[in-house]
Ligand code: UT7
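This document opens with one chain alone, in structure tokens, the form predicted on its own.
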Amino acid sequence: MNKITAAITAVQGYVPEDILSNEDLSKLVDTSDEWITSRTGIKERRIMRNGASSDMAAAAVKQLLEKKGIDPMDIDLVICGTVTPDHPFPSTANILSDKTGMKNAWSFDVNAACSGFLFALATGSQFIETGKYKKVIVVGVDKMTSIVDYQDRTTCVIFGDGAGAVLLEPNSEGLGLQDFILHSDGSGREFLVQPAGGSLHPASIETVENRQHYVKQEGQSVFKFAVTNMADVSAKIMEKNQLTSDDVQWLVPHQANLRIIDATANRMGLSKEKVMINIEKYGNTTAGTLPLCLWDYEKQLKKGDTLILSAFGGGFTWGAIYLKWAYNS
């Protein structure tokens, strides 16, 4: 009997209609299109004015299920990567399951910042590989505008809102998820953090006045760690699986910064034509970036293509997944 692997058999994304351009931001803070583009590669980002993370996730999942003709009741498990849950509890995955009719599924959230989708995908794959479940939904979603300080030009230019979802199903053809390497280092928490709102600093008049409920980032430290670790882990998973640059059809990198993406591709020996990039139109949607890339590039993917998914996030968290694409669009 052939080994069972977890294959992505469908992907769907959702981004809000409202666009916040670099020119728009230049009216809010001391910045410019040239400053933002040269440092990040971002030209615009999508903004959800009304609603929550679960609403974006639900839009993506409903379209995915319709596209595949799947009854929501047939879904066994839902895992949602997010750092902007609707509430501290219940989990956004619970709310998402209710909004989409996935009543038979149990569900939970994964908080790994920008690596959230990567961690959730690796976790979900285990339930398929063991034979426990047949249909697992993995979501990456963040409404980053809900925790971005539009008085801080170092962070507000980076983030946008969006969601993406994939369906995992068993595969016995040798396709699907082949391997993963995941890491975390809590000592990096001081460099990228939302200081208040948790048990360390519960919400108070003081935390609100000090703007501690927004993302705080020490850009240079994060950039240095991200460039090194995202490139290293991507090269390491290739080496571990004896892959050359010729073997890899696509790098699916977290869309945080174009310079980090370029450094990762260079380390892997990949040309720009093999790199999925949509940062210019969505910005950094945190856990949403990887599935949104897969959604944008779905029609270019061919059955059997080798993909390396790579991410780095606050925590610090980072990792890479090696998978073989399982279908032609």
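Please read all numbers here as calculations on a predicted model, not as lab measurements. So that there is no doubt, residue numbering starts at 1 and follows the sequence shown.
Omitted from view is the form predicted together with the ligand, to which the following refers.
Heavy atoms within 4.5 Å of the ligand in the model of the complex are found in exactly one of 212-220, 239-247, 97-105, 83-91, that being 212-220. The shortest heavy atom separation between residue 54 and the ligand in the model of the complex exceeds 4.5 Å. Not displayed here, the ligand is approached by residue 39 to within 4.5 Å at the level of heavy atoms in the model of the complex. Proximity of residue 254 to the ligand in the model of the complex: non-hydrogen atoms within 4.5 Å are present. Looking at residue 259, you'd find a heavy atom of it within 4.5 angstroms of the ligand in the model of the complex. Within 4.5 Å of the ligand in the model of the complex, a heavy atom is found for none of 272, 277 and 309.
This chain lacks the partner; the member of 121, 157, 128, 77 within 4.5 angstroms of the ligand in the model of the complex by a non-hydrogen atom is 157. This chain is drawn without the ligand; in the model of the complex, the residue among 136, 177, 231, 192 with a heavy atom within 4.5 Å of it is 192. Residues are counted as partner-facing when one of their heavy atoms sits within 4.5 Å of the ligand in the model of the complex; in 239-253 not one qualifies.
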